[in-house]
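The chain below stands alone and is given as structure tokens, in the form predicted on its own.
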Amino acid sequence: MRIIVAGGDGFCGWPTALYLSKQGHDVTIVDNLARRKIDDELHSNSVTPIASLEDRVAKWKEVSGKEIKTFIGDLNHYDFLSEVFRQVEPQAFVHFAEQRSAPYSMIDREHAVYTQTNNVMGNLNVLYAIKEFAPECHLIKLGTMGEYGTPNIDIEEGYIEIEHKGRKDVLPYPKQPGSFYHLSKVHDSHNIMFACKIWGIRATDLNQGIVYGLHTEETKLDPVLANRVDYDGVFGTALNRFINQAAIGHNITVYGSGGQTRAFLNIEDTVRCVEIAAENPADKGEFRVFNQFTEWFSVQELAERVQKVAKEEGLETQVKQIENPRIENEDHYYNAVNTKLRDLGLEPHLLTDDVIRDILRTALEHKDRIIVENVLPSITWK
């Protein structure tokens, strides 16, 4: 299958591109390298050294014998995107190419506008490109479980049956996004659903939980293929951030009470979920939603698990509650449905002490790269 992986130089996109290539698909990466530029802006970095995209794909060809083509450009430039579609003629378009940090979107007006312009307009361009150049192409779009918020009812997969004043209907599940980033994902979902309705596009919205982990079988083949690991208060996700704090002997900092419960999944399951979606495409005109996660934890639970493994590795670190920089419910009900991907064959990689230990040992190997002042939050919602 001819597959474009947009955002293929990023944390989720790079291992996905390698995995799909290994499975025999004809993979093309499209990326504007914005994530690397944001590192410079924030004076931050990946814990693991990251080779250039050119060196990465060259090394992949060397170790696997498989070629991944690359296009460097922006989805917001429609002439560029049109040319990519003309040359590749994609059968599936995996869309990771969005600004993915909630804190980044909350820095100020400029960053909020950038996030929504980049994400929403870029996604609209993809929809028009599919309509114009590849109407049978299946859009596999990375959404987020954060679109739903934390309602006091079970979170269904995209849709919910409502009975109101004696009548019933199946409607899109209500959204309660918690940042301008999460709002951009909600707008994407609405635009995709509308495009499916009017143009007959095939689309799968993968509402992904928080991704943790580092390695996949493919990224372990050579150091040049290594995936990035973010640890800072802007792009570092909860578990990876806690592990890197432990590696440098810093307190593991929990926002507020730590009762915030979120859905999580291993990066190895991210790549498999994309494959499952590609191999089982949505019907023509169907806007399909999968909740892409494998388990959920409270933030406090995660911190304590990291502390336990760190102690076993001879590291003494304390779990410390700090003022929550976000505006969010800290103690709430959480029960989300995630049956559709399992029904299609997903076999989850669950969070174990060994998984935490593997990430921790990588962080220890590169702990000289961790910029200490970056491990605490610097952006507030207020």
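Because the structure is a prediction, the values reported are computed rather than measured. Numbering starts at 1 and follows the sequence shown.
Just so you know, the form predicted in complex with a small molecule exists too; it's not on screen, but the next bit is about it.
- In the predicted complex, the small molecule sits within 4.5 Å of a heavy atom of A34.
- Taking the partner from the other structure, the small molecule in the predicted complex has no heavy atom within 4.5 Å of any heavy atom of R288.
- Residue contact check for P90: none of its heavy atoms lie within 4.5 Å of the small molecule in the predicted complex.
- By the criterion of a heavy atom within 4.5 Å, C273 is excluded from the residues contacting the small molecule in the predicted complex.
- Residues of just one listed stretch (300 to 308, 177 to 185, 242 to 250, 103 to 111) have heavy atoms within 4.5 Å of the small molecule in the predicted complex: 177 to 185.
- With the partner omitted here, the residue from D269, E98, E218, D232 that has a non-hydrogen atom within 4.5 angstroms of the small molecule in the predicted complex is E98.
- N118 is the sole member of T150, N191, T294, N118 with a non-hydrogen atom lying within 4.5 angstroms of the small molecule in the predicted complex.
- Annotated contacts: G213, N280 and P348 are all free of the small molecule in the predicted complex [non-hydrogen atom within 4.5 angstroms].
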